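Okay, so here's just one chain, in structure tokens, the form predicted alone.
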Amino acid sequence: MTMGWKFTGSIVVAVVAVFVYWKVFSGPSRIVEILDEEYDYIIVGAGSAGCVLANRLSEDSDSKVLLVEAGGEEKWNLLIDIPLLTPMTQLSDIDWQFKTVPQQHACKGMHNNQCRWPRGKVLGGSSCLNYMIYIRGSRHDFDQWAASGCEGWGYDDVLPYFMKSEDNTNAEYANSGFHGKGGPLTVSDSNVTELTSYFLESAKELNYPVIDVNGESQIGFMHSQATVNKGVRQSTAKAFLRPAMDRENLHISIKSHTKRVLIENKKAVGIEFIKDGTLRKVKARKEVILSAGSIGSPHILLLSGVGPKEHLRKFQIPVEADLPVGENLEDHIMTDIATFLIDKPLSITEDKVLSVSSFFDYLLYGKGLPSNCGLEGSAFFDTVREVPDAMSGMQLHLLASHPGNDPYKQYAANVNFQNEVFEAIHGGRAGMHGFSIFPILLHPKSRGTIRLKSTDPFEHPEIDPHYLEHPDDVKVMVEAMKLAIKVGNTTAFKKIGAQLSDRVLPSCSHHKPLSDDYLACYIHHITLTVYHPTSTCRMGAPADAMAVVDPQLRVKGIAGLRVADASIMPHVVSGNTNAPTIMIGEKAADLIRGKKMADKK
């Protein structure tokens, strides 16, 4: 999954080039130490949505905007920019380093049955840690949002906001009517090995189309597109925030940990935050907008007295609004069973990355292996016949390497593997060519929670996703795992000698290998987050008892307070969540300013 620290040292010249670029060309900065006493808008969290909001709200020169971020600047952490180094951003100082509580039905192959949840603590948030894959979700996701009472959030309503952000460099896609050109966020084709062609060939063999999954239909196979520009990650800090830093009406406060929203007479009037060990206050003339993510936003709301009243009273927090904050947590999960070795040198290995040609391709042209995170293809499937009432719900990711091709075991550390478990199923394979196909559960029926552990704002909240608690989630994952294996066993991949790993997970050895019982056992042990937590401040109709915010993203019962990030999704979308979160930021900015998008699809 990563080439480790030797790789970092080997491309030091490229790193220096990136450093000089940002040092010389990053432009003015509105990162300030001395703040005004009051702003029109205070945005908490400079992540995928927060950076978009800061850009759009500060377009109005008569609005004074403050963006508050717990982490530091992204431009001084050079691992962020190089896509292949993505795994190394995890467990670093730009990662909140969250863990779930021990899981009863999942994560059994991890230390203490806990899965790690990396989230970004830096300007750009998790768009600085994610794998950059650009997928929006299905049109049906958004139409279901609208049908459930979220007026204005149907597919025709949100498509213009996706397009507004986008600058797609694929000419065919850009002219299709479903993509944008000239927006701040570069989206480009992201495949650098020949494995993608075999993946797309397998689609035809299985009677699935090769399509743009962000276009008219989502069902089919596609080479990856990613938020990468000339080999460099396009975080929302880079795409949205830095271009706006020359605006005098935008201030940014970094390393500022928000303690709570100040609420007076059921109105948000500002925030309290801690910077350099000092408690500070700043007031909002108009609104406070929480964009701290699906963990951070509910955490701050709970500390502010907005949440389930019995839970708040447990910590002696005065109840400002009794709302289901922290409920309805959804997340995508995947597993790594579909690992294949091949007899052709086509995958990403350390030797290939360290080659002279790879080095200069990246340094001079922004191309080659370092320009790619390794995820080179995606596929979506609409039917799981064994669970007739399940929503359309499976996705596959093609990785142009495999978990054992990691001499530094970064992958094992990132997912919290027990050492003996990792060695049993992936050990001893560093340098071997191969690929993995990760099956993903798109619409889990299990629901989790975010809860306080204490009133200390620095103590991480309790994260319990209740992974695989609903038996249908296991059934769907078993079918997804079988499908991933089927793709790898196609004639297309047999051309390069693809052989499914014959390793057996010791804890599941009492089952026949690859039987349904074995696969179910495997997913209970090797449960991996896809980094897509959502829905903890769920949006719904004003009368929806399970909603925290209304379709205008206003927190119910508290004036002047909105939430705008992935936490407001009524349900997790069918695909990666970064692009939809950016869309939420775009739409939220118009809602706040009272603007309407004129050109619907």
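Keep in mind it's a predicted model, so treat the numbers as computed, not measured. We number the residues from 1 along the sequence you see.
The following text describes the form predicted in complex with a small molecule, which does not appear among the structures shown.
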(Q) How about Pro444 - does it come within 4.5 Å of the small molecule in the model of the complex, if we only consider non-hydrogen atoms? (A) no
Q. Would Ser256 show up as a contact with the small molecule in the model of the complex if we use heavy atoms at 4.5 Å?
A. yes
Q: Give a yes or no for Asn576: in the model of the complex, does one of its heavy atoms lie within 4.5 Å of a heavy atom belonging to the small molecule?
A: yes
Q | Partner proximity in the model of the complex: Thr536 to the small molecule, non-hydrogen atom cutoff 4.5 Å | A | no
Q: Identify, from the list Ile300, Ala498, Ile82, Ile333, the residue with a heavy atom within 4.5 Å of the small molecule in the model of the complex.
A: Ile300
Q.
Going by heavy atom distances of 4.5 angstroms or less, which of Tyr208, Tyr518, Phe359, Trp96 would be at the interface with the small molecule in the model of the complex?
A. Trp96
Q.
The chain here is shown without the small molecule. Which stretch in 164 to 172, 422 to 430, 402 to 410, 285 to 293 comes within 4.5 angstroms of it in the model of the complex, by heavy atom distance?
A. 285 to 293
